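In the block that follows, a single chain appears as structure tokens, in the form predicted on its own.
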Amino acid sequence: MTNVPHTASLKRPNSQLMWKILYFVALFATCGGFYAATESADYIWRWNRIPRYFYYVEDVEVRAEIEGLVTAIHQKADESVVVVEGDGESEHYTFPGKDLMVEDGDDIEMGDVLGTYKEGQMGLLVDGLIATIEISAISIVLGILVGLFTGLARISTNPFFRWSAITYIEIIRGTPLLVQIMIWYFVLGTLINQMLDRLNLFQIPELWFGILSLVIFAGAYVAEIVRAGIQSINKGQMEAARSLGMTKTVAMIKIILPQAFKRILPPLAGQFISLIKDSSLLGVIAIRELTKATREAVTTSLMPYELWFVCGIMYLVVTFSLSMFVQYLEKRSAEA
């Protein structure tokens, strides 16, 4: 009897090692197959052009805005100042560097280049990534609030709140996100901005209609996650809190929700990871998030393979970072 566990313990490491080796063999075989497929596709890879879509240095030209005469040039350690006077007006042009195209006393026409300097610019992919992160962060925060209140309304004894929550959840979950984005932008957005225009008020940018569509969409799913988390807590918890003199609201905030939070954290993380990827649909309403920025870069560079691979990796980095953060929160909540 004592030899059986010992024998099993000897076999288990060997079995695990075999499966690990099989994993790496399959991984290398997949990579090799992909490499062979790309070689046979007669495609010229241009990975050396990818960095410019993250950061590049641009030559900026400083042009004259008036006609006149260069009356003075002042050069300091790190900048140049060109003074142009003409027709009773004077303009001062200050820019970094000393790459001047004019001299003191030159006649200047409107639009002439006075000088140039180099300026670092964020690439198209970085602009798109920043927009995606901003949109996703705002949508996640607002989606949590909408989902929390909707989830509480979903389990409310008040029929108005409960039926309203059920109607909202079923409509949103039963229609595609792309259709909802179109309705928010082309229908609701147009009506709202027309009404604001009649009242001589500011116009809401298209970005916010895209964010609202994501918030409403995410809120419906978060509401069901919150409802399931609350209902998974034993009813005796609420009864015990009420017996101690707590109101139902206080008991929900102090007793039920903290326990439910630990249970709903993993599905919430999955929902928010999906929301980050769903933000790529906002490109259909001309919002330059990461996917649309990649599409524009592909159009101008004719490098679809490289850019779409990089786009996928950038999404993976964002979603993986969020997943790691949620795992950290899970460990902290488990230790609490």
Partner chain sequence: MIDVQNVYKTFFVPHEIQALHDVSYHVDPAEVVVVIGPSGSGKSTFLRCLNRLEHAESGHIMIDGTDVLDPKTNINKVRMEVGMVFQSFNLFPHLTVLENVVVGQTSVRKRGKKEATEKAMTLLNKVGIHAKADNYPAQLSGGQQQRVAIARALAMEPKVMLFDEPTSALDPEMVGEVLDVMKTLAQEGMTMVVVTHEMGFAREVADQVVFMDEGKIIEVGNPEHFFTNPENERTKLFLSQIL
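Positions refer to the first chain, counted from 1. It should be emphasised that the depicted structure is a prediction, and the values quoted were computed from it without experimental measurement.
Below, we refer to the form predicted in complex with its partner chain, which is not included among the displayed structures.
Student: Residue-level question: is R242 within 4.5 Å of its partner chain in the predicted bound form, judged on heavy atoms?
Tutor: Taking the distances in the predicted bound form, the answer for R242 is yes, it comes within 4.5 Å of its partner chain.
Student: Is there a non-hydrogen atom of T247 within 4.5 angstroms of a non-hydrogen atom of its partner chain in the predicted bound form?
Tutor: Because a heavy atom of T247 falls inside 4.5 Å of its partner chain in the predicted bound form, the answer is yes.
Student: Is there a heavy atom of Q259 lying 4.5 Å or less from a heavy atom of its partner chain in the predicted bound form?
Tutor: So Q259 counts as contacting its partner chain.
Student: Tell me, yes or no, whether K254 is in contact with its partner chain in the predicted bound form, where a contact means a heavy atom of each within 4.5 Å.
Tutor: Yes, K254 sits close enough to its partner chain in the predicted bound form that at least one of its heavy atoms falls within 4.5 Å.
Student: Could you spot which one of G105, G236, P159, G174 gets a heavy atom to within 4.5 Å of its partner chain in the predicted bound form?
Tutor: Result of the distance check: G236.
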